[in-house]
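Below you will find one chain, with nothing else, as structure tokens; this is the form predicted alone, and questions on how it binds or moves follow later.
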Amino acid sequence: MSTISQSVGKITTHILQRMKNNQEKITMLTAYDYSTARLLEMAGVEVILVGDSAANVMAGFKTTLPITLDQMIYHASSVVRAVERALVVVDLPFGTYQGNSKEALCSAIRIMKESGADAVKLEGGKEIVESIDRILTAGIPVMGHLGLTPQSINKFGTYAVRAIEKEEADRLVKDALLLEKTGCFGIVLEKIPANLAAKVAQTVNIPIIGIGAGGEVDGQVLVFHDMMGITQQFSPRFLRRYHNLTQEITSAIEQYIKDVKSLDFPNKKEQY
């Protein structure tokens, strides 16, 4: 039986809404370069997130804070060139939207014009509503992000599960409703109790994408490098590793070194 996502060409925010309404799960993965994005596109992922997690997995920073708007545009442009069908969402990096709605609009416009992406994502609730509202006036789709918000790591001081206490949980639900009312087409919920995430998904009408938020939401997102086992130092409970590319790639490189040093590579068939 054909699903909504299989029966359409380009994935849009409207298609994601139809998928939620039809109880069809949404798949989302990160990509930061052309080659990876091409693989995700070929596999049929509905949403590709050009995440500010590029700061961690591509540049080696300990947090997402150092990555710049120019760097995000570079990564997003590389991804967009590989994609025809998936919806490409780009994170607005730290310092480009908080507390200044005019700067937020300028940042979002730059991403859309210079990369060709489909939407942007912002972290936070009521404190960034003014920025979201201003971006939306330019016709730019916005995805929200609540729960554990990595750009606020210095405020939290820990990557522990968020919204365990009732006060923070209630505030998160209110923020989700506010983001929906403001006009966000969807929300990522990161590292919160599964029952709270399920409540949010049932309370709001827009798609809810989880990462460490249980299975009763409308879709899931993982960092590509984590789920493929390219990065090894990050192993939270919610991460399922679908491959161990670190072992496979390292073994291949070791074999290459051995072949070169033993004069096995290149052989006569591999030269002109």
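Residue indices: 1-based, along the sequence shown. Here the structure is a predicted model, which is why all the values come from computation and not from measurement.
The next section is about a form of this same protein that is not shown, the form predicted in complex with 3-methyl-2-oxobutanoic acid (KIV).
Engineer: Here the chain is shown alone; which of Ala37, Val47, Ile67, Ile211 has a heavy atom within 4.5 Å of 3-methyl-2-oxobutanoic acid (KIV) in the model of the complex?
Structural biologist: Looking at the other structure, the residue within range turns out to be Ile211.
Engineer: Scan Ile26, Val204, Val217, Val223 and let me know which has any heavy atom within 4.5 Å of 3-methyl-2-oxobutanoic acid (KIV) in the model of the complex.
Structural biologist: Looking at the other structure, the residue within range turns out to be Val223.
Engineer: Quick one: find which of 96-104, 111-119, 183-191, 134-142 has residues within 4.5 Å of 3-methyl-2-oxobutanoic acid (KIV) in the model of the complex by heavy atom distance.
Structural biologist: Heavy-atom contact with the partner occurs in 183-191.
Engineer: Between 33-62 and 3-methyl-2-oxobutanoic acid (KIV) in the model of the complex, list the residues on our side with a heavy atom within 4.5 Å.
Structural biologist: The stretch 33-62, when checked against 3-methyl-2-oxobutanoic acid (KIV) in the model of the complex, contributes Leu49, Gly51, Asp52, Ser53 at the 4.5 Å heavy-atom cut-off.
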